[in-house]
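So this first bit is one chain, no partners, the form predicted on its own, shown in structure tokens.
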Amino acid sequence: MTTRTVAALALAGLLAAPAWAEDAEERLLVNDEIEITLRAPAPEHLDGALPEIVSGWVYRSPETQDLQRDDFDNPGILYVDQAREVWNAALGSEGKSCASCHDDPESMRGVRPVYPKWDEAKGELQSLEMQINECLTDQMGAEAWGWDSDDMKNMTALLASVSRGMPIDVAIDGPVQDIWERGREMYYTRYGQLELSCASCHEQNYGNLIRADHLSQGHTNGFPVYRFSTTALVSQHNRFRGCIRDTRAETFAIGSDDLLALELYVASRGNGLSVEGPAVRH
């Protein structure tokens, strides 16, 4: 029996048939005013791999879904509130705060949906975390934040929150095309002793149960997400690392070029779904 056969049998043993997910009420209106697009036509660049794209919210339990309907119930908003305080604080040698250049956080509406994106001046693909650190170091004279630090996750959650309801619209052509291709290759590469790819779960088995949880299509429009398993915000790269680790593989570093390429590709798979962050997940 080959390693791949063993892995397939192990995955099959964890999976159960699709359950209630598609029968649940499928309307998410946050704070009675922000309409979230939960289903959208699959982007053309998926070449028919998915019949449609579906938010991970759809695959959660009704109790978890309800937490996103109102910011008073969403535990992720506690971290957004912390970031609002930091937004107005002078952090570096220049005596500037985020508000010094950008006024209130709502002025950043529309930023989260287009990241990661190409930075012409620096000639590189930038994640939202990289852009935040550029502001900290170049404009404010402050120390850069760790990619997965609390301050960084809180700030990305704040920037996501002010763009909720806007469609993800990540560019995949021009100077980022080669990076996008690299990310796509990673998405379909089988990793680890279990020889599983991202597609093994999120393209071939979404809607099925794995242990006690439903697999989603793996879209990143809800990140950073509040996860009950960690009782904290979780960044995209942290989740990528965890998925690859779970295949029993040596995983990639947070903030690495590899995970940045994967971030671009996975983000593009969700083009058309609404920004939800901070979403609530198991």
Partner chain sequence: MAENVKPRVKVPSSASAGETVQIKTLISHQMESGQRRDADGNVIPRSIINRFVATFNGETVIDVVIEPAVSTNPYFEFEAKVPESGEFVFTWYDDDGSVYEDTASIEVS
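Numbering follows the first chain given and starts at 1. In this text the structure is predicted, and so the values were computed from the model without any measurement.
If you look for the form predicted in complex with the partner chain, you will not find it shown, but the lines that follow are about it.
Item to complete: Name the single residue among D103, E143, D138, E85 that comes within 4.5 Å of the partner chain in the predicted complex, judging by heavy atoms.
Response: None of the other options qualify; the answer is E85.
Item to complete: Find the only residue in D178, E185, D73, E120 having a heavy atom within 4.5 Å of the partner chain in the predicted complex.
Response: Comparing distances to the partner chain in the predicted complex, the residue within 4.5 Å is D73.
Worksheet item: Counting only heavy atoms and a 4.5 Å cutoff, which of 106 to 114, 186 to 194, 77 to 85, 167 to 175 contacts the partner chain in the predicted complex?
Response: Selected stretch: 77 to 85.
Fill in: 4.5 Å heavy atom contact, Y226 and the partner chain in the predicted complex
Looking in the predicted complex, residue contacts with the partner chain include Y226, since a heavy atom lies within 4.5 Å.
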